[in-house]
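One chain is shown next in structure tokens, namely the form predicted alone.
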């Protein structure tokens, strides 16, 4: 039998990343208990009971609530959200959240239907480590292509500041230092592009709200990073094409920009679960070329106590890749393999 919505919520609440967020745990476990009791959660989430496992229902539900908080439509709940200055205990947010579900049933149900769109800026920390290794081995410069790029914020990584280690000192987007040697002062990106099944335009107010809602309401550092990245995006537009991974990659890799002796690097992070097996096989076949490097930041099947591996897949057939580091679902902190 497929899992119930309550089981999906509970399982997600016990993920390593969610255990760092008292707010997420409180909301998901509260909604699970309420579902089992036939409460308002079952009315809100019943339309999504048969959603496929990779549809990220718990994240979509949490984003719907955060959106109401950010738009001033849930002031009692907002008191538990540090992202809007709330100081009440995040782990006690379920009671006011339940009242929001009762008052805004149709609206929360509608917002929960929006696809998951977490353009996690923190994942540029492992991206920087991976690119440093590619440049160390090849000399660069780099043509960077991203699968599942969402709003394209990760493609702006060289405009971000990583601790005191790398990047422009005046960047509004500030991230932790990787903790690895990133001795690549001459890293140059000759071209950057991405694809996504549902790309967002960071210049659009609705898109910015969608992205902001997807940050967990008690993780202020992540929220500030996103806001900083959106500020960077206001001055540098990166094209993100509405397309599937394999189709887009095939077109991109068939083109060799004239006059550019750049190393092509294909990057993807926490996107594998959203691509079906047949298409992913095509992605691996397309990138197993003698002139393409691939950086992947994808969870291993099953639980891995080390975290999410950053893998470097060398040109040619290299399905396993070299593990360069381990991190969290949101990127930092990184640890050595």
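Residue numbers count along the first chain shown, from 1. A quick note: this is a predicted structure, and the numbers were derived from the prediction, not measured. Just so we're on the same page, rigid core means the largest C-alpha set that superposes within 1.5 Å between forms.
Not on display, but discussed next: the form predicted in complex with a small molecule.
Chemist: Would residue 244 sit within 4.5 Å of the small molecule in the predicted complex, counting heavy atoms only?
Modeler: Result yes; residue 244 sits at the interface with the small molecule in the predicted complex.
Chemist: Give a yes or no for residue 119: in the predicted complex, does one of its heavy atoms lie within 4.5 Å of a heavy atom belonging to the small molecule?
Modeler: Answer yes; at least one heavy atom of residue 119 falls within 4.5 Å of the small molecule in the predicted complex.
Chemist: Considering non-hydrogen atoms and a 4.5 Å limit, does the small molecule approach residue 140 in the predicted complex?
Modeler: Contact with the small molecule, no.
Chemist: Spell out, yes or no, whether the shortest heavy atom distance between residue 213 and the small molecule in the predicted complex is within 4.5 Å.
Modeler: Residue-level check for residue 213: no, no contact with the small molecule.
Chemist: So the small molecule isn't shown here. In the predicted complex, which residue out of 40, 57, 286, 270 has a non-hydrogen atom within 4.5 Å of it?
Modeler: After the contact test, the surviving option is 270.
Chemist: Exactly one of 114, 95, 197, 253 has a non-hydrogen atom within 4.5 Å of the small molecule in the predicted complex; which residue is it?
Modeler: The residue in contact is 197.
Chemist: 167-175, 78-86, 98-106, 197-205: which one contacts the small molecule in the predicted complex at 4.5 Å, heavy atom to heavy atom?
Modeler: Result of the contact check: 197-205.
Chemist: Does superposing the core leave residue 299 with a CA shift of 2 Å or more between this form and the one not shown?
Modeler: After core superposition, the displacement of the residue 299 C-alpha between this form and the one not shown stays below 2 Å, so no.
Chemist: Please determine whether the C-alpha atom of residue 56 is displaced by 2 Å or more between this form and the one not shown following superposition on the rigid core.
Modeler: Passes the 2 Å threshold, so yes.
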